[in-house]
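We begin with a single chain expressed as C-alpha cells, specifically the form predicted on its own.
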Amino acid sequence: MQKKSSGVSRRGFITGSAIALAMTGVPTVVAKSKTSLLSEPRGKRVVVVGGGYGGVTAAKYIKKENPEAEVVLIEKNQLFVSCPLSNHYLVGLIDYGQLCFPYNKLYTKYGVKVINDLVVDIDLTKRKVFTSRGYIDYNYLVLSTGIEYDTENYPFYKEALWHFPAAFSPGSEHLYLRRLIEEFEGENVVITVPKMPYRCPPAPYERAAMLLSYIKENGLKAHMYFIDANEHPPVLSDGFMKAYEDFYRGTATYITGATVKDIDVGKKKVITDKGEFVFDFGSLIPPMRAPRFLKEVGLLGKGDRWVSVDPMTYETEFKNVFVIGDSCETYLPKSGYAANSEAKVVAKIIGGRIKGKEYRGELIQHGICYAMVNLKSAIVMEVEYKYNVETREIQKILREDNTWKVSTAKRYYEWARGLWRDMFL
C-alpha cells in the first residue's frame, strides 16, 4: 500500500518509477492511485508532461519567468536524448553521449521539480494528472508528448520495426540501427518515407544522403532504393535533388509518390504500389501520429492524427491546457527547434496569466532545419511566424539556402549546441 506523502523529497525529483506503458501507446495496466504526490503549492502550479525539446524548454522558461510558481516536469525517461543530430551518430560522426543530457540541472539551477514516472491518466475537468505513484493537481497543464508510430493503421510496420527500427524516437532505436549500419555487408538498402506530416521533415532525406556518403566512403557496393510517399522532399527540395544528382547518380533509385502496402520481414521485401523492393538493410520509417494516450484523455477526436490547438497560442479547447511540439497541428514543421519555439510562446502566455493578465505582445514562432547532403556539407531553411495577438494578423517569413557548404555543416553543430544550452544551462 502506498503511503500518502506531504511532499516529494529532492531525491524524489530525480528518481522514480521505471514502468513504461501509457505514453508508448500500449494498453495501460497501471491502476490510478488516489495518493496526492505533492502538497499544496504556495503559488500556482504548472505541470508539464514530456521531457523532450518542448517540455524541457517550457518548464525552464515558465519557472524562470515566474519563480513564485511551482513547475513540475513529468518524464518517464531518466535522460534526455536528442533526435536532432542523431543521423550524425548513425554514420559515426559523433558519439551517442553527445546527444544525452540529465534533467537534474532543471532542478538545481531553476527549481523545476522533475519526476521520473509514467502518466497513466489526466482528468481535464478536475485538473489532475495521474502517474503510477499518485496524482498531481494543476492550474496550468502543458503536454509535450511527441509522436507515436502509427502501427494501428499500418500493422505491417509493427514486426518490421522490431528488426529495422525507424530511429525517429530517441533512445535505443538509434543504438541498434547504428549497429546494423556498422555490420552491413549486403547489396540493397531501402529507406521508406511516410507522407507528411511526420517528425522532422528533412530527416529522411538527410539520412539517405548521409548513408549513401557513408557507403561510398567505406567502399561498399550497395544500391539504395529510396521509397518516398511524397512527390519530392517537402523542404529544401532543390538542395536535396541537386545533391542526389551530383553525388549519388547510379548508386540510388528515388521512387516518388509510392505507397507502402506491406513489408515481408522474412523475405526482406517492401511491397509498394510502384513495385517490390528486396533489401539487406532497411531504415523503415512509418507514418506517425500523436500518442493514442491523448485520445484516451479526450484531446484527440475520432480519426484525428494530431491534437487541434489554437495554432498561434497552442491552447486546446480546455482552458489553460496547452499541447506543444510534434503532437499538435500547427503551422510549424514538427521538429525539436519548433517545439523549443512553441514552448517559449506558451511560457509567455502562462506567465501572463499567472500574473493576472493576458499576454499582449507579439508572439513569434520560429523553425530552423539544417540538413547534411553528405558527410561534410549541409543546407538550411528557416521559417518564422509573427502573430499579433490583438489584431490576430500573421506574417510568415521563409528562407532557404539550398547551396551546400562546409561552413553550413559547422553551423549545424553550433545550432544544436546552442539549442541544448538554451534548454539545460
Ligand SMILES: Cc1cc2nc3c(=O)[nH]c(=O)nc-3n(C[C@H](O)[C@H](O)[C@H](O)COP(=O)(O)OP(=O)(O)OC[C@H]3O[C@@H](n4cnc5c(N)ncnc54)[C@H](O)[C@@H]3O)c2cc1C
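For clarity, every value in this text was computed on a predicted model and none was experimentally measured. One rule holds for the numbers: they count along the sequence shown, beginning at 1.
FYI, the form predicted together with the named molecule isn't displayed, but the following is about it.
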Tell me, please, which stretch of 38-46, 373-381, 51-59, 354-362 lies within 4.5 angstroms of the named molecule in the model of the complex when heavy atoms are compared?
-> 51-59
is_contact(Tyr337, the named molecule) in the model of the complex, heavy atom dist at most 4.5 Å | yes
4.5 angstroms heavy atom contact with the named molecule in the model of the complex for Val346 | no
Report yes if any heavy atom of Ser283 sits within 4.5 Å of a heavy atom of the named molecule in the model of the complex; otherwise report no.
-> no
Would Ile368 show up as a contact with the named molecule in the model of the complex if we use heavy atoms at 4.5 Å?
-> yes
Contact assignment for the named molecule in the model of the complex, among Pro197, Pro233, Gly134, Pro84, heavy atom within 4.5 Å | Pro84
Checking Ile227, Leu211, Ile263, Val119 against the named molecule in the model of the complex, the residue with a non-hydrogen atom inside 4.5 angstroms turns out to be Val119
Pull the contact list for 269-302: residues with a heavy atom within 4.5 Å of the named molecule in the model of the complex, in sequence order.
-> Phe293
